[in-house]
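Shown here is one chain on its own, the form predicted on its own, set out as structure tokens.
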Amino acid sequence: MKKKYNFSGGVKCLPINQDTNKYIINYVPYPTKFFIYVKYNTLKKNMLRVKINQKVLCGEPLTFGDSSSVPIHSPTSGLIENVEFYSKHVDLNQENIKITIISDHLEQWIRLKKINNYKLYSPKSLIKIIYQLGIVGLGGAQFSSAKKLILSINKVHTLIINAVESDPYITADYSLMHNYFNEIFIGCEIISWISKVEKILIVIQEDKIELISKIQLLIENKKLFKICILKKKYPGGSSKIIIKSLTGKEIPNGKHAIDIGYLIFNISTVYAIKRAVINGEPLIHRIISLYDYQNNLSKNFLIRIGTPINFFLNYLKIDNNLNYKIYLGGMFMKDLLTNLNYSISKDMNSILIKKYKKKNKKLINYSCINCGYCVQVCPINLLPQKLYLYSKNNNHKDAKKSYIMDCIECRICEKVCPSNINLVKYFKNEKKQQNKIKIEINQKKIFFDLFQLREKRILSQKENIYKNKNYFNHLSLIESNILEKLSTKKLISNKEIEKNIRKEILRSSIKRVKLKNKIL
């Protein structure tokens, strides 16, 4: 009997309708138009590689990358129809750049550089490939996988593969494992080759019995690999929770798992890394879970990045979209989609469809009664009721002391709150304020350091001028060999030297004239 790892807090979710076909990957036809959204704050003007009316091939990079973002690739061959600013689907204040591509339906690809034996390449070369092919964390963070690998070299001893999908409505990662585990296994070996880890832990939830047996059979003679079974609870997929459950260690505030020796990757990211290194494929598609509340049905689809959600819904014969509410995310962490022309992105793993009901009762928010239910379920051991009061009253100092930045926004505190308070909404706002305060403090520190340097420089100049003045008052230019001495004092300004030299020359000339007159 294998040990089952557990964590404090969390909630057990009732299983949804067990559809025998839920692990089958369905395919969606390609639309005529693709919409690619790029975050404006990470894209500088000179990072755009295409312009309007330019022809592109499938897999061709549309943007350059930099230290904080990876290149983005065209999901089809065709023509760039438009490049414009566009607000985000959920946050109207955040602007993106929207690239519209008209597909020619010819599927003409760029030349893919395949690799048979990755061990013939240095870790640096493999990381460069992963970066150039646009691989990011597909668990939702979208952090550059190449950057994570660079930071991990000579710093980590264990690779953790996150195969935990605790939201009952999302089965995208499990369907990927069910169909492509051999490729995921190669991806694990590639990452371990780059980071030189001592062991690889594959973490999966206890109810995936078929997959556990499959993994155990595959790693039977592999000493590097070990399977770890986690209790079925939400939210088990957070990296903080997984590391705490497996090792008992907590990631320090403001630090990353790499800082304590653990490199963690989502199972979909591992698959994407394998496809990039071995097959030379850029990241242009991913698996999306679709859950229909009305039919209690979950299905998985392989969709290209940039496919409009409206097109996807029409393909599923959901004709009148006004009758439905569309959410992005799972049962707990979901956001209402305001624009159906928004498209599939790299950080998306689930779409929920709910029939719109006009007579929905509006929930009334009551005052916090300090019942403590939210404390019992918090998987990070925070005190949500206190965080709520601090956030609501703009008590930033106490909110920071109560570790609000450690909140993973899993929303189970909201679900159990008998007062129906939107706790995470307050936490998100407070986190934004904390980030602003942090930026302001850093800026003040930089300005203060610059001010101190300026004061020090001015004081040093004054001291040198004073020393230089005394020096010229007591010695003559010739006797003191002042030019030679001045050249050794680098801090004395050139203007002051010239000024003093001119004075001494004038004095010595007057002296000579007076002496000459006496002689005559």
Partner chain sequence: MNLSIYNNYTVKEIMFFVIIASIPAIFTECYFFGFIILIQILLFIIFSLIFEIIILKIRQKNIKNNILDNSSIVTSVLLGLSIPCTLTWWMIIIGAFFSIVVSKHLYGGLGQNIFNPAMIGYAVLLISFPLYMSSWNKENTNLFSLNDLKTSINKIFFKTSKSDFLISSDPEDFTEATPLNDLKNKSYYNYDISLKNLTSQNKKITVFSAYNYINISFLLGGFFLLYKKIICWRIPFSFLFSFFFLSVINFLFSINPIVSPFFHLFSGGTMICAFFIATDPVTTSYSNIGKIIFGSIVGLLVYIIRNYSDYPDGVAFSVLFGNMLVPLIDNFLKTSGYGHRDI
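These figures come from a predicted structure and were not determined experimentally. Residue numbers count along the first chain shown, from 1. We call the rigid core whatever largest set of C-alpha positions still superposes within 1.5 Å between the two forms.
Another form, the form predicted in complex with its partner chain, is not on view; read the next lines as being about it.
Student: Could you check which residue among E183, D104, E281, D406 gets a heavy atom within 4.5 Å of its partner chain in the predicted bound form?
Tutor: If I apply the 4.5 Å criterion carefully, the residue I get is D406.
Student: Just one of K354, K431, K232, K98 has a heavy atom within 4.5 Å of its partner chain in the predicted bound form. Which one?
Tutor: When its partner chain is considered in the predicted bound form, the option within 4.5 Å is K354.
Student: So which of 76 to 84, 111 to 119, 172 to 180, 415 to 423 is the stretch with heavy atoms within 4.5 Å of its partner chain in the predicted bound form?
Tutor: Of the options given, it is 415 to 423.
Student: Do Q376 and its partner chain come within 4.5 Å of each other in the predicted bound form, heavy atoms counted?
Tutor: Yes, Q376 lies within 4.5 Å of its partner chain in the predicted bound form.
Student: Heavy atom to heavy atom, is N221 within 4.5 Å of its partner chain in the predicted bound form?
Tutor: Because no heavy atom of N221 falls inside 4.5 Å of its partner chain in the predicted bound form, the answer is no.
Student: Taking heavy atoms and a 4.5 Å cut-off, does Y293 contact its partner chain in the predicted bound form?
Tutor: Yes, Y293 lies within 4.5 Å of its partner chain in the predicted bound form.
Student: Give a yes/no on whether I318 approaches its partner chain to within 4.5 Å in the predicted bound form, heavy atoms considered.
Tutor: Heavy-atom contact with its partner chain at 4.5 Å: absent for I318.
Student: Are C371, N381 and Q385 jointly within 4.5 Å of its partner chain in the predicted bound form, each by at least one heavy atom?
Tutor: Every listed residue reaches its partner chain in the predicted bound form, so yes.
Student: Would you say whether L313 is displaced between this form and the one not shown, judging by a C-alpha shift of 2 Å or more on the superposed rigid core?
Tutor: Shift of 2 Å or more: no.
Student: With both forms fit on the core, has L106 moved 2 Å or more by CA between this form and the one not shown?
Tutor: Superposed on the core, L106 moves its C-alpha less than 2 Å between this form and the one not shown.
Student: Determine, after fitting the two forms on their core, whether N253 shows a C-alpha shift of 2 Å or more between this form and the one not shown.
Tutor: It does not reach a 2 Å shift.
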